[in-house]
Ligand code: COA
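This document opens with one chain alone, in C-alpha cells, the form predicted on its own.
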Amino acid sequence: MKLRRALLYTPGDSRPKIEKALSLGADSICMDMEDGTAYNRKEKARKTISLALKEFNFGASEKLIRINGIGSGLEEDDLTETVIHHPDGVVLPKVESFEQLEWLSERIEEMELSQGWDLNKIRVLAVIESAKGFINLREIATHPRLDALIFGAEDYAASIGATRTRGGLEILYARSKLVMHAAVNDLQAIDVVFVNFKDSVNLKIDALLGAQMGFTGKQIVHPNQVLPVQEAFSPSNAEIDYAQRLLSAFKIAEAEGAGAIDFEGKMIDMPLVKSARLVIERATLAGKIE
C-alpha cells in the first residue's frame, strides 16, 4: 500500500494543471471530475483525464480519479470513460453507506474482468463528509476494496449546521472518529484540506496536528503545499533513530525474557514498542529508510 502523505487534487478539465502536478512529487495525484470541475465541463474533464491516463508518465505518484457522487447522474459516465484507462484508484465523494461502495466496487470489477486485469487492483478511497456518513462509518469502513477514508470537513460542517473556525473544535469529534475507524480496519486516514494555500505557517501547524492525531496524510489543493505536508507526515530523522534504538534494545531484552525495559530513563513496554514499529513502517513507506 502506498503511503498517501500528500494527496493533491487537480481540476480534471485542465491538462496543463495535470501536467504540472506530475513535476511536484506528490504521493497521489487526484484528477477531479467533482467539485474541481464546473458542471458544464464534466465531459471535457472525462476526456482530459482519459488522455492523461493514456499519455502521461506519473512516475512514483499514484494516479487517482475523483468521480461525481452516486445519485448525481454523472457517476456512470465518469467511470465508463475513465476507468478503462486503469487509474490506481477511485475517490468516491459523499459516501453515506456501504451499499454505495459496493455499487462502485461492482462496476470496477466488471471492468477488471472485461479487460483481464487483476481483481481488486484498482482501490477505492471514500470521502466521508456528512452526518449520515459518520453515523454509518462503522459499516462503511469494512468494505474490502477500500484503502483509505478521507475527511471532507466543509461539507460535514454544513451538514450539522456548524460554523468553520480556525481552531476547528467543531470538527474535532469527526476527525477523531474517522482516524479511529481507519485504524480498526487497517485503512489510511486522509485529513482535511487547508484551503488558505498562501498561509504556510498555519498549514504546517494543521498538518502536524493531523499527524499527531493519527492521520497518515492530508488533502492538498496547491503545489506549494506538497513539501510541507509530506514533511509533517513523515517521521523525522530523530524519531527514526530513536525508534530503531528502542527496538534494538527491546529485542535484546525480550530474548532474555523481559516484558518491559528501562530505556534511556523511560519504562518501555509493548504499546511503546508498537508505536516505534509504526514509525519504522511509515518511514519505510515514505522512502526515508530501506
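The model shown is predicted, which means the values in this text are computed figures rather than measured ones. Numbers follow the displayed sequence, beginning with 1.
There is also a form predicted together with the ligand; it is not shown, and the following applies to it.
Using a 4.5 angstroms threshold between heavy atoms, L51 stays clear of the ligand in the predicted bound form. Heavy atoms of K17 reach within 4.5 Å of the ligand in the predicted bound form, making it an interface residue. Taking the partner from the other structure, the ligand in the predicted bound form has a heavy atom within 4.5 Å of a heavy atom of G36. In the predicted bound form, the ligand lies within 4.5 Å of some heavy atom of V221. In plain terms, the part of the chain that comes close to the ligand in the predicted bound form, with a heavy atom within 4.5 Å, is 222 to 230 out of 260 to 268, 236 to 244, 39 to 47, 222 to 230.
Distance criterion of 4.5 Å from any heavy atom to the ligand in the predicted bound form singles out V193 from the list L104, A189, V193, A211. Counting a residue when any of its non-hydrogen atoms is within 4.5 Å of the ligand in the predicted bound form, the hits in 5 to 19 run L8, Y9, T10, P11, K17.
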